[in-house]
Structure formats: structure tokens, C-alpha cells
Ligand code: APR
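So this first bit is one chain, no partners, the form predicted alone, shown in C-alpha cells.
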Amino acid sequence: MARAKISLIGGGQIGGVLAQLACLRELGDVVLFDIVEDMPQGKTLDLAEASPIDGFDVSCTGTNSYTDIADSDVVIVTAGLPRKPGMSRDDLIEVNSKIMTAVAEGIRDNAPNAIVIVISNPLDAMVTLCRKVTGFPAERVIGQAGVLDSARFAAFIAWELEVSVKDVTAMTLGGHGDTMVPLIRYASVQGIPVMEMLEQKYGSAAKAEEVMTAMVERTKAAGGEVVKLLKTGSAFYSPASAAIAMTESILKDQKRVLPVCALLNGEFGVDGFYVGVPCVLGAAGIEKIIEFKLDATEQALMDNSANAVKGLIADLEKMGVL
């Protein structure tokens, strides 16, 4: 049986970690593409030479030509300018829209049957643009954001309650930015509501709400927190891990329920826009969008997040790229 082929567009920090994780998990043969001459070749040679030590047996090659991504099963796009301190994800829209247009054309012309996972920021706008340029069906053009944002939320909860991150379930909805919606009501530790555990820890419902509000705000600003600390780039370990979880579910047809940026057609009150929601990921890409009832507060927050995404799309339309 032929191995799957995973192509990574963008050989920067995220691309390098993606290549390493895909190889370590033996998800398939890996191609790392970048426009910088020799850089992806150097990274993949270095990684391939680690294979006898780490024990992975897949091909890992670098390229500067889109023709080498032919017959890819999954393409992960990280290409774009990373954030710098003081920048929002939305600040990147003009320069990254030009990069995404070129990338999407390369994917369309060379890997027409691939499932595409977009990581580039501003995420909700870039995945929309990628689908427009490729012309691929919506179930095959997916944005990575919710897995990462949810993981950050879960990590903060685990640290606060001093429990294993493995036992925390948490999820965010909405756009990938300051308007994302961490779902407090559904956050749990082995099924036990997090709010109950916080109230028990602090002996006060008011204090529990105060602590949870702080975790929600930290989740929304988590990417910026990393950018501020790094000073010269943005997060790369966690976004790569998130995209690999999605890739593994697709290539192994695991049917995992993961929060991803998907094109909605009326779900959660959003029609015709890419927004983060829980989906079943399998061999066909997004195989099902899972809709559930939000309470009035959650729906208002979701509407606000969707409106922020609509604003980004309007910006793309003004630029004439959509």
C-alpha cells in the first residue's frame, strides 16, 4: 500500500516542526516547500539524517517547486508573514493575501485532489481566500485554529486546577482572534464541570467566575502572549501539533471531533462564512459539522465573532482579491 503524501507550504518555524512531527508519527512521505532557495532542502536533509536515531522510515524532501507537491493527499499551508509584537492577526491581511493567492494557485494546479489545512493568519480570511482561488469543495479546505485555541484553554484550566491536561475537555468556537468564544459551560475535567471545581477550590462562586474570566481572556490573547515573549516571531510548536492532529484524523480516517474553521451554511446562525466549529474529520476532510444549541450569552458572543470574520472578508473584497 502506497504511503500518504503530505506537503507543507512554508519552511519557517511551523513548517519545520510540522515536518518533524509528520515524520516521527510516520503519517506519510513529507515534502517541505519554500520559495527560499536551499532552505527547505537543508531542513529536510537535517531531519532525514535523524531518521536512524528516531526510527522513522518515511521520505522527507525539500523543494522550491510546486510541481513536487503533485499527488499530495494533504497540504498544510503556513506561508505568510508572522506576527510581531504589537500586531494583531488582522494586521497581516494585505501582505498575506498576496502570498496566499500564489500558494493557492500552486496547490490548485499541482495537487487538485488534496485536502488543504490553512494555518496562515488572519486565519478566517486566509482559508476563505484559499478556497476561492483553488475552487476546491468546502469540505477539502479547512482552517486550523480551534484545535490550538481549545488546547490553550485546556492547558490553562489544567494548570489552575493542578490536574493532568489529559483529563481536561475544553473547546472554543468562532474566529481565530480576540473575539473567539471559549465555551465555559462545556469545560470539564473527566466530565466534572470546571466551574464546580473552581468554586470548590475557592469556596466562592464569585471567585470562581473571576478566575475563569481570567483564563478566558488569557486564551483569547494567548498567541499575542507568545509573540510578545519571542519578540521575533509567533507560536510554532502548538500550531504545528494542532495541524498534525487534524492531518492524522484525516489520513487515518479517525472521525475525530475537532474544532476547526469550516464553511457554515446556517449552522450557529452563520451563513456563507468560515468560522470555527466542531467537525468530524475523516478521509473526505470535513465529513460533518456538529451543531448544538448555544445559550443566549454564547450565541451573542458567537454572533460577535462571526461579525469580526465578516469584517475581514469585507477587507479582502475591498482589496479585490475575493
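One rule holds for the numbers: they count along the sequence shown, beginning at 1. Bear in mind that the values here come from a model prediction, so they are computed numbers and not experimental data.
Keep in mind that the form predicted together with adenosine-5-diphosphoribose (APR) is not shown, yet the notes after this line are about it.
Engineer: If we take heavy atoms and a 4.5 Å cut-off, which stretch out of 208-216, 241-249, 162-170, 91-99 is in contact with adenosine-5-diphosphoribose (APR) in the model of the complex?
Structural biologist: One stretch meets the cut-off, namely 91-99.
Engineer: adenosine-5-diphosphoribose (APR) is absent from this chain, but in the model of the complex, do D34, A79 and V103 each have a non-hydrogen atom within 4.5 Å of it?
Structural biologist: Heavy-atom distance to adenosine-5-diphosphoribose (APR) in the model of the complex: all three under 4.5 Å.
Engineer: Taking adenosine-5-diphosphoribose (APR) as it sits in the model of the complex, is S150 near enough to touch it, meaning that at least one heavy atom pair lies within 4.5 angstroms?
Structural biologist: Outside the cut-off, so no.
Engineer: I9: heavy atom within 4.5 Å of adenosine-5-diphosphoribose (APR) in the model of the complex?
Structural biologist: Yes - in the model of the complex, heavy atoms of I9 and adenosine-5-diphosphoribose (APR) come within 4.5 Å of each other.
Engineer: Even though the partner isn't displayed, in the model of the complex is T134 close enough to adenosine-5-diphosphoribose (APR), meaning a heavy atom within 4.5 Å?
Structural biologist: Heavy-atom contact with adenosine-5-diphosphoribose (APR) at 4.5 Å: absent for T134.
Engineer: Is there a heavy atom of Y66 no more than 4.5 Å from a heavy atom of adenosine-5-diphosphoribose (APR) in the model of the complex?
Structural biologist: Y66: yes, in contact with adenosine-5-diphosphoribose (APR) in the model of the complex.
Engineer: Which residue, V194, L129, I119, I142, is the contact with adenosine-5-diphosphoribose (APR) in the model of the complex, using a 4.5 Å heavy atom cutoff?
Structural biologist: Contact with adenosine-5-diphosphoribose (APR) in the model of the complex is made by I119 alone.
Engineer: Sort through M39, A70, I289, A48 and report the residue having a heavy atom within 4.5 Å of adenosine-5-diphosphoribose (APR) in the model of the complex.
Structural biologist: Selected option: M39.
Engineer: Which residues in 282-304 have a heavy atom within 4.5 Å of adenosine-5-diphosphoribose (APR) in the model of the complex?
Structural biologist: Heavy-atom contacts within 4.5 Å come from no residue here.
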